[in-house]
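This document starts with two versions of one protein chain, written out as structure tokens and named structure 1 and structure 2.
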Structure 1
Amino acid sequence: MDLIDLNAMPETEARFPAFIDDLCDKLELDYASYVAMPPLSGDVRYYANYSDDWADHYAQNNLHCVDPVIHKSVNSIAPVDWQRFDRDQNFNLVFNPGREFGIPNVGISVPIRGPYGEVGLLSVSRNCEKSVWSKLKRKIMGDLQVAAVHMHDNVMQSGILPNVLSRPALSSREKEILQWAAAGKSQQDIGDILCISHRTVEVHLRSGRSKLNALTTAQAVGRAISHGLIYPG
């Protein structure tokens, strides 16, 4: 996936909506949103490509107070498929009127947690049959996790946590292995290329994930790219 590189764009707020639009275009999605909730400043940041009509309805009715996309996903450490939400009163308050605005009730949210308690949430959706969504979700999950980390880190560095998020100190081997992972190589492939065991590869990946505060290798790759430690594959 060749998404807009936020690091290479002028440091203006316009780059974040542009990234949202590019993400939808590249991953065959209809809508995407990102919200950052840093505890240190309380400066919530939000970007989305929903229609103005829906955004106005959402704000006027304080739907953020009941939206399961926020309240269920933000407490998770793994991506949350919206199909897992209970069809309860809160769900209906958000998604029943959402149908009138063309808002899908199928989607997925990817939570990103940083080292200082900040939380980011990238949510995407598409109007389609559940069977189509199931196939698309499997296809885009890895790219979506990388995109979530890239978006989160750039938003965090744009003023919410100035001078707090330091550049992680990866070893040369950790960077080398993450670079091969970015190129789509498996642990076994990387071991063969570097003439080391796949278990040694896993040790370095685990260490790299820890230093980058990433839960998955895909997130670690995305975060390493954002910090300029490796390059897109």
Structure 2
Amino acid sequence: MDLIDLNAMPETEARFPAFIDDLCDKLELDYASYVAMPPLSGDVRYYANYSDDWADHYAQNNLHCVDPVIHKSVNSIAPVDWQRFDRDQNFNLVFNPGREFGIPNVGISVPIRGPYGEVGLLSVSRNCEKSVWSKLKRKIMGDLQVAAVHMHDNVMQSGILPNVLSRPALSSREKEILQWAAAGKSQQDIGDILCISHRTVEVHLRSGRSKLNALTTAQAVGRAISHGLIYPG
């Protein structure tokens, strides 16, 4: 199976919907969607070939807050088959009205995580019998995984998700001191460890906070960790 190579396409955002369309063609699917979610739960990026009607209905009713497919997938390692939600109240709440829009209730969602804690979710679906779906799923699972990784990799590299890419540049000393702070050391401790005044330690913490737009050191440590600048200690 040869899917579109996003790296070989002009670096416009239009290549992502094109990839979605191509995916549906090649894998005998009706609909596909991709969502990129930064760890700070800020703005998401969304591509799909659902009808505008369904997309509007989904967005206007904030169905993403209810949709159990989302909740399950962002906490899962393996792909999540929608059949798991057969008797799920929230699933039916979201997808029963979807039938009027021609939305299938069989499908699968493939979560992909990146090194910054962001999650990409590639969901595909098709109007067919469940037995047909089971066979199709087995056949295309490998390609789906590859497609999800490829899509997420390229969306991340495109820098479209601002929260993830705008990683504040901390100086090495700032990172070093923030790392010790994350390890539970006091300013005095850190000063002793690095053989500098605890006053100096505080200055680095201050500039670190400032660069991370953090009000307290605790917030700065949390943000630095979530940005991958330091490790939990």
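A quick note: this is a predicted structure, and the numbers were derived from the prediction, not measured. The term rigid core refers to the maximal set of C-alpha atoms that superpose within 1.5 Å between the two forms. All residue numbers here refer to structure 1's sequence, counted from 1.
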{"query": "Structure that is the form predicted together with the DNA (1 or 2)", "finding": "2"}
{"query": "Threshold 2 Å Cα movement between structures 1 and 2 for S131, core superposed", "finding": "no"}
{"query": "Yes/no, A183 Cα shift of 2 Å or more between structures 1 and 2 with rigid core fixed", "finding": "yes"}
{"query": "Rigid core superposition, D88 Cα moves 2 angstroms or more between structures 1 and 2", "finding": "yes"}
{"query": "Core-aligned Cα shift of H204 between structures 1 and 2, given in Å", "finding": "41.5"}
